[in-house]
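Just the one chain here, laid out as structure tokens, in the form predicted alone.
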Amino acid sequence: MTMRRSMLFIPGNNPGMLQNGGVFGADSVILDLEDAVSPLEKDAARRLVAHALRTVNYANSEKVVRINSLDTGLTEDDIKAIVPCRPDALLIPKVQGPADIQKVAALMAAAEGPEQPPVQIIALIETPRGLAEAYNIATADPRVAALAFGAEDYTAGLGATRTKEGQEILTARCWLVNAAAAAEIDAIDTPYTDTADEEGLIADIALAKQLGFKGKLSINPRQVEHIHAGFSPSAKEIIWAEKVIQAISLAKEQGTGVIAVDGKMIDAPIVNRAERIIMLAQLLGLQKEAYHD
């Protein structure tokens, strides 16, 4: 199970941040060749990121590279330079439909070494057309491990005004979460761009978790701690999940068909949710803490 509670962007043209990206503790670091890099610096950034992938210890962080979108003409060069350096995943921006994923996946397969594990794909949905195709994108290739949402470009495409409250993106968030769940992959929420608004960030994280997102993109290392707190199982959730698993086990032993926990019927989706909570708690070492809180 890959945790992607926090996915932190690191500018691909900043040697200092590339060198120190592992100290921030994010579940994933995204070495960025796209928005963070000016057109004149693209070649140099590509070399810097390739070197960082080969030489920098990013500790337990998943190594992701955001390459340039297909409409720039830079995608193939990015993939040829980056994929042999063994990133864990590529973040593909401005994905419009399944054909984009299939084209990128073919380029990745051609660039991979003979003994190299397949590099995964995280599809960044940033346009109205991409959102409309979200499920088809999610199922376009087995490499697709997650859908991520980019609200800034999406609202620009709508002609909507981007606000902190986020009413203008609520439907899009729900649509993307549903598409990811239907494809049985992760949904990753859009960044909260006001890095000085800690209270707003915490509220936005809570909403994202409530909607079903499994993690959040981040543009500032200071956001990582709050994102982890918001997307980690609470003590209450862990205790509830343990009750569900125990009830299922007991029902199997007794041959009981009807199962309830705290007066509520338990079915397969509830069990799946409980199992995911337990897996996360085990990975984070939170189960013992839950019973002490």
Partner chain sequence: MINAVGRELPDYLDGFGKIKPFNGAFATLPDMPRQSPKVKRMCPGNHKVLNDLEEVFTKIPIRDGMTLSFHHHFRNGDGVVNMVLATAAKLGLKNLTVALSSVFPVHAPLIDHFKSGVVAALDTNYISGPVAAAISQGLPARPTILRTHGGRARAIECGQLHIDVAFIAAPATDCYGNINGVSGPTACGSLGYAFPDAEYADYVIAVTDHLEEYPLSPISIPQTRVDFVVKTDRIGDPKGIVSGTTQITKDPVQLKIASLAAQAIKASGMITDGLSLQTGAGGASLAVASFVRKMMRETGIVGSFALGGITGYLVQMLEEGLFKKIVDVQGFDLEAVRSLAANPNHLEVGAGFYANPFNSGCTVNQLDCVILGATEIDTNFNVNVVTGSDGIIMGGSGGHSDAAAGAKLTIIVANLLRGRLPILVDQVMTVTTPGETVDVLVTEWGIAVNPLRNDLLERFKTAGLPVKDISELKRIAEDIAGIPQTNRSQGKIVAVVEYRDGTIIDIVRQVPK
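Numbering follows the first chain given and starts at 1. Everything quoted here is computed from the prediction, not taken from an experiment.
If you look for the form predicted in complex with its partner chain, you will not find it shown, but the lines that follow are about it.
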| item | value |
| --- | --- |
| Its partner chain in the model of the complex reached by all of Asn57, Glu198 and Arg222, non-hydrogen atom within 4.5 Å | yes |
| Its partner chain contact at Gln19 in the model of the complex, heavy atom, 4.5 Å | yes |
| His226 within 4.5 Å of its partner chain in the model of the complex, heavy atoms | yes |
| Listed range touching its partner chain, judged in the model of the complex by heavy atoms within 4.5 Å, from 214 to 222, 69 to 77, 142 to 150, 96 to 104 | 214 to 222 |
